[in-house]
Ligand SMILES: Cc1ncc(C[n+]2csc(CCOP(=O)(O)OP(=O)(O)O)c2C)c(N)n1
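Here we start with a single chain on its own, the form predicted on its own, put down as structure tokens.
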């Protein structure tokens, strides 16, 4: 089944059909079933795939619209506008995106919504693909926006539908909190009935409601807070999202009554708890919260009273969010008239993702465990890992084979080293979020900070004004998608102050690191279309032309490709020591996406491709390691010399390595042989095999 067929099956109109899908696919299905009219996002792990799937839907649907927005603030504001016009809408991004969208997030709930609105936000507690692990549930302390959290793949779909219904019932936005683990988990999902889309919206002017200034804002805030209080009092809503896992027996067992221990949890942690209880052979009452803000005190008290609980164990990732609210419940309300222990972060880590083993250790401290072997097994596994993991070779993150960034950093490092040796000037590198962030690793190690999108240039704005330019110079890296996201403002600020900096813009035409989504500057002819009904992405912005018209001094804008190392050397040698703002735009399409695109275009041709290109390392290789240690192409490998190849008169040769190029990894049809151009001994050979009437003619170049 190809990817196109798989995506199309997500939108089948077959109620009650059971399908194995990921959490992200289930979110997309829920959005489809709910009759959402408009959705927007800026791509970010772990929710990138939801936008990709909805982009496909927008191209085959008469009424559904999806937009890859410039950043999360634009995406949120677009969805606010659609909701105020009366249609259902969903905005989605990763947890860090909420920082970008925080300005409208704190104000628009005062005005409420018309069409149901969800804010779908993916967290990253393990910092697997982010720069921090902030716990976005704490945003509720400021915004008062209700938070729901699915725990299973089925709930990913169902919570979208119910969240939109509750949103319209109270005219408030609903926040959907989900972790990386659940987004990428798979489970069986039962399809539901598809709601009809509202074909067109209409905005009714209401100044007192929508203009949040002075007394109007205060009045709207009061109305909004009253709505949140009503949500907190509505038991039906909480019972809708929250489920109590009762004991298998009709009556609680004597063991459970004697223990008087209950577990309170939510989200993916619920799955960890179930697995831990199963392995430990314990069966405590578990309250799984689906709505985690506002927390219903009556429900928690009812849970505690029903099972005569004296101790509650709270399992959640990152901050003690549920734990703090639960302690407040039992401290302030008299319907739980007994001493009640609450444990959570006094045993569980506040950093990183949880897992089943961690929960097993936690529960074992509070329950009488019959199977002691399981704790021994966990201990033995940890001891073995302590021995094995340090001995494993470290796989440094690196650019893909054929990546257009590699020759740029290779050449830049070489030129900078020469300048530093001659002048003693130290170069400082401002990093940003994108594939070029991988330049932090060996063999380049050319990043000095990575904070957030746009901060590569932003931090340099201040630093440049206080450092001695005779001793230190700044180079900042940024990609095309990041530039349009939040990089243009600091770039313009740098031009305004005429700071001394070289800015290298990697224009690879895609939001490459999150899965090659298109953005405002992606050439329209490169975008793969699944239909013609999408009404977004009508025009492209030419990044190079934009740079030509923003006020750079004459000669301080250079536009070039990536693969000509000699040309790059000349550009860097001429540019780096100049004063003022210098911008170098590297126009080169993402190698992986270019390879896919060319393959698709080739398949459409009547004739098959006329040639194949191979790069090989000959026996004249002197093993200077320029291609491995300095260029760092992962397609170039080394292996021990085979025994039969060992010179009997030279036993030392047995420890020699043979260098070779992995044909499966090399993107020879895209990369013009950077390895060949850096080889000092001309030991890398380019071979082109031409096809002519099914007869192969070989030639070496």
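Positions refer to the first chain, counted from 1. Every value quoted in this text rests on a predicted model; they were computed, and no experiment measured them.
The next section is about a form of this same protein that is not shown, the form predicted in complex with this ligand.
Peer 1: By the heavy atom within 4.5 Å rule, which residue out of 267, 97, 109, 284 makes contact with this ligand in the predicted bound form?
Peer 2: So the residue touching this ligand in the predicted bound form, by this definition, is 97.
Peer 1: Only one of 159, 510, 321, 572 comes within 4.5 Å of this ligand in the predicted bound form by heavy atoms, so just point that one out.
Peer 2: Here the answer is residue option 510.
Peer 1: Among the candidate stretches 211-219, 366-374, 478-486, 348-356, which one is within 4.5 Å of this ligand in the predicted bound form when only heavy atoms are counted?
Peer 2: After filtering at 4.5 Å, what remains is 478-486.
Peer 1: Looking at the partner-bound form in the predicted bound form, is residue 459 within 4.5 Å of this ligand by any heavy atom?
Peer 2: Outside the cut-off, so no.
Peer 1: Wondering, does residue 293 line up within 4.5 Å of this ligand in the predicted bound form on heavy atoms?
Peer 2: Taking the distances in the predicted bound form, the answer for residue 293 is no, it never comes within 4.5 Å of this ligand.
Peer 1: Is it the case that residue 27, even though its partner is missing from this view, gets within 4.5 Å of this ligand in the predicted bound form, heavy atoms only?
Peer 2: Output for residue 27 is no: heavy atoms all beyond 4.5 Å of this ligand.
Peer 1: Answer with yes or no whether residue 51 is in contact with this ligand in the predicted bound form, where contact means some heavy atom within 4.5 Å.
Peer 2: Result no; residue 51 lies far from this ligand in the predicted bound form.
Peer 1: For a quick check, can you give me the residues of 59-78 that have a heavy atom within 4.5 Å of this ligand in the predicted bound form?
Peer 2: The stretch touches the partner through 72 alone.
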